[in-house]
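One chain follows as structure tokens, the form predicted alone.
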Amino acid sequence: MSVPIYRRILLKLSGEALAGGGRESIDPDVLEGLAGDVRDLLGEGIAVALVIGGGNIFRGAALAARGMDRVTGDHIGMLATLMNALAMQDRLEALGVSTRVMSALPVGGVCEDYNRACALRHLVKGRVVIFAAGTGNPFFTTDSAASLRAIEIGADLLIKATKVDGVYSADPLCVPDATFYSRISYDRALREGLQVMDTTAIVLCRDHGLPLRVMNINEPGALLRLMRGADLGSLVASGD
């Protein structure tokens, strides 16, 4: 059996990933499958942190178009990420995985406030840490929060879990002949405006030398194979 090549990772999940293809905000089967994948990683001795978006519960674009204040909308979105984080914590704990949710917005009585030193201690003790409420500031996405937290905890790799199998020159669901990039530099991704992560997130990864892997989360066992060295999805790193 291959030895994992990564010791600490941060997994970024979209809120839509929890909904699967169903009509519910959170699909129990999808949640169970993702929690099982995380448990398998811990079984390999890999420290795991997560950031989960909130788009399955709240998307502010339509309300913003009707005049909702952007800061208010972003705060609602942060609370939506907390709901998803608590749901994931519940499933992981049910599978015997000790898990802590840490929120960038103070919500005493629900979960811990974010503290880097405490997060590192949780990871060292073998607990999964789920970072909720983004950065705690409006105008920043959960992609940016994922990059920031990954850097803060010293992650070896940031994984952006998607519904497609990597980075393309255009949306492969709309452009069937779009070019697939198995490896691409941060600068080229920025220059070509590829929808990898938002600009702030990619710049953070570039400036701190944090490799980013974009991959299909729906492929069974993909995360574990990646940890053992399989070349899955697309790698965004330094170079041409």
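This is a predicted model, so every value here is computed, not measured. Position 1 is the first residue in the sequence shown; the rest follow in order.
The following text describes the form predicted together with uridine-5'-diphosphate (UDP), which does not appear among the structures shown.
- Here the marked residues 14, 73 and 134 all reach uridine-5'-diphosphate (UDP) in the predicted complex, each with a heavy atom within 4.5 angstroms.
- Judged by heavy atoms within 4.5 Å of uridine-5'-diphosphate (UDP) in the predicted complex, the contact stretch among the candidates 180-188, 42-50, 56-64, 28-36 is 56-64.
- Among 78, 129, 150, 159, the residue placing a heavy atom within 4.5 Å of uridine-5'-diphosphate (UDP) in the predicted complex is 78.
- uridine-5'-diphosphate (UDP) in the predicted complex comes within 4.5 Å of no heavy atom belonging to residue 154.
- uridine-5'-diphosphate (UDP) in the predicted complex comes within 4.5 Å of a heavy atom belonging to residue 141.
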